[in-house]
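Shown next as structure tokens: one chain only, the form predicted on its own.
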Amino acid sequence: MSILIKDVYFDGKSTNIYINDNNIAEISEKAGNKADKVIDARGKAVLPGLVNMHTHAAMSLLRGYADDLPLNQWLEEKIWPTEAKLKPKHIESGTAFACLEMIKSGTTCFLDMYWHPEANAKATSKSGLRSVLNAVIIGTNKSVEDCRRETKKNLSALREYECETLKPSLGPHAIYTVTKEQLEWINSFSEEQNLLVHMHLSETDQEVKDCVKDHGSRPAEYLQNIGFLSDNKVFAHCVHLNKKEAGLLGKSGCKAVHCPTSNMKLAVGGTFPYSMLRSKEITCSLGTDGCSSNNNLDMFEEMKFASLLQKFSSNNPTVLPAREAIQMATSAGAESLGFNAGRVEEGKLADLILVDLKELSKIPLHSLDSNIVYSANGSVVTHSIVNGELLMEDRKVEGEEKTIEKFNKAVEDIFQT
């Protein structure tokens, strides 16, 4: 399929963008005389699709449930007991709804960690979004053999749906829920299978204290000591890293994900050390976390909160300017996941969104970057294109009413049992 985006605002002027199959073939005023689909983009700007680098998509089912609680109480008394009741049909409905929310707010790619990978993959593949989905690993009471058997089973389920828009990966939950022996096997297996590994790291001060007590070192040091750090690792949160740990992550080529809204809401006691991590040449991207700790999947909001939190915590208004926030939400995420996307350039994958410049939050247009980061939210997105396929046109997504209906039935089923 070919698409012509005609008269769109890009790089300070009006131009055309011609998409052929799944690539951006040409960007010029004369591009695309013949196309299967023409989008009149007058009054709209084009942006790279947003990349959400840390989600638990099916937790859309728990939005607004158990808010305003301390982290451990929230997890142990509310979230984990409720998650234990979730069935594959619930996961599929929750993930499908999350995908709909992401499409409508400008996300074209996401990295997800959640249970029942087959249900997760089924919903994601139907949505058309680009994704990297985890085979989740958790349970210090499991042997390495049990971990190996369960992981391979979950990975096999994901590989049934593997394609150019869906990649399988490994998701060890955290250092306090996965044993040293399990982590060592995960590391070896991920290298053998060429798999990305997605993990929570240093989210709370208690995690650091427990790691020092149990292993005699801080979390990143502990992972370095067991040979776990390498360039296929993506770590979410990274709030309580010190300079030495940042150096270890940087030398190993690890990636870090800033989740400002979730971190503030759960009061994790620190701020993602963006400037320090960047000084160690660590690729830093953005994630929303799950809807039970955010409570939405709007990456426009995440860009704003990331920038403001960095300025506030450092007492420096020049830290994380709008252009860098956009890069964190686009090219940094795509690079971390190994996709040739995240930029509006010829030869890149056609993962693009259009935003309405007539929205009040875009007027006046002194700086599109500033308006996008500091003024906008996901409702300004009018069109979404992923892998050259049009997923949303004029705010309409095919089948969204049915997706919402199934989601509401799933919520009712979970909370009435």
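We number the residues from 1 along the sequence you see. None of these values were measured; they are calculated from a predicted model.
One more form of this protein exists, namely the form predicted in complex with another copy of the chain; it is left out here, but the text below deals with it.
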If the cut-off is 4.5 angstroms on heavy atoms, which of these, 311, 209, 152, 89, is the one near another copy of the chain in the predicted complex? 311
May I ask you to choose, among 118, 83, 301, 335, the residue with a heavy atom within 4.5 Å of another copy of the chain in the predicted complex? 301
Within 4.5 Å of another copy of the chain in the predicted complex, heavy atom basis, the matching stretch of 335-343, 143-151, 229-237, 320-328 is 320-328
How about residue 269 - does it come within 4.5 Å of another copy of the chain in the predicted complex, if we only consider non-hydrogen atoms? yes
is_contact(residue 68, another copy of the chain) in the predicted complex, heavy atom dist at most 4.5 Å: yes
Could you confirm whether residue 316 comes within 4.5 Å of another copy of the chain in the predicted complex, counting heavy atoms only? yes
Close approach of residue 187 to another copy of the chain in the predicted complex, 4.5 Å, heavy atom: no
Which residues, if any, of 347-367 lie within 4.5 Å of another copy of the chain in the predicted complex when only heavy atoms count? 360, 361, 363, 364, 366, 367
